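This document starts with one chain, in the form predicted on its own, laid out as structure tokens.
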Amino acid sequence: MNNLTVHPLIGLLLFPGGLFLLASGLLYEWIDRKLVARFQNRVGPRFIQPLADLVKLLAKEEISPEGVNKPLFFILPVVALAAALTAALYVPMAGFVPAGSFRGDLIITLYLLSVLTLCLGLAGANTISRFAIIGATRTLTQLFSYEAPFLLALLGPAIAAASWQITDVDFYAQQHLWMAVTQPIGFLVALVGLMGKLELPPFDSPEAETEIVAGAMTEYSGRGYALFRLGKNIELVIGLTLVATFYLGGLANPVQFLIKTLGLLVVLAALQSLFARLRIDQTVGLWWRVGALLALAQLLVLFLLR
């Protein structure tokens, strides 16, 4: 089944881009927090809580601490959010044809998804706060450890589809058996890599509240903090969409989008609840050795079979 299409301007500003991305980011944040709470026998936040937090932060004054490069301090959250929104142009959000699509857009999308993490690292390094600097160091260290395995995990389905274009991989996935069955190692590496990219528990040492307050974002408040959080929420939706597209038979319509991405979100919430936070050396060393090697082994098998 082919993906659905809408007018380019509507798709860019309203649905499935623009406002839809912002709203779905807040919705998926609430679902994630609610699921983790229920798994831990807690009540969890109200439905409106992520939106209330966003409005409160946007209304607050953004304080510029001493010792920072002010233009860089204010522009980094904007760049991070803009990169996340731009990455959605090449992904079949809600099962619709992407607003932009070209050969090799998979690499551009993965690059844009890395910009937020780079901005977080620069934001922490731009301050004189010890907590922020330690958080920035951990953020950038974790970036190098999880970006490569995540990329390698997504290359498996791309190689099977013989294309670096996301829409081609989506169409191929809709015509064949789920690649989560044929490439289970890549599916597992993609899920764990996504959690590491987004610094979700147990890979949340870069922003561990009990150790370094809020990590790289310790000195941020108001609008800057809100934009960073919103960017992470949007990347969560995009990451789930990519994994569902590549490994769960593609996305042909909004119903498939909801079922598959929410199913993946339940799995991520369960993993967050099952494991305690890992130290940064455990997060980086073990996963880099195991995750990257497993992904490379799967790619080698794919090349031999082809």
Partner chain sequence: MKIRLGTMFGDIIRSLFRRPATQLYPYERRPTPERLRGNLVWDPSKCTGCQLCIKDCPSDAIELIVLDKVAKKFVLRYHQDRCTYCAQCVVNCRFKCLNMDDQTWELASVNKEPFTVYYGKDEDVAFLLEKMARDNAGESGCPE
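Residue numbers count along the first chain shown, from 1. Since the model is a prediction, treat every value here as computed from it, not as a measurement.
Form predicted together with its partner chain: not shown, discussed below.
Gln40 is the sole member of Ser64, Asn253, Asn69, Gln40 with a non-hydrogen atom within 4.5 Å of its partner chain in the predicted bound form. Just one of Ala59, Ile259, Leu274, Ile48 comes within 4.5 Å of its partner chain in the predicted bound form, counting any heavy atom, and that one is Leu274. At a distance threshold of 4.5 angstroms between non-hydrogen atoms, Ala52 is out of contact with its partner chain in the predicted bound form. Of all the residues from 136 to 155, none has a non-hydrogen atom no more than 4.5 Å from its partner chain in the predicted bound form.
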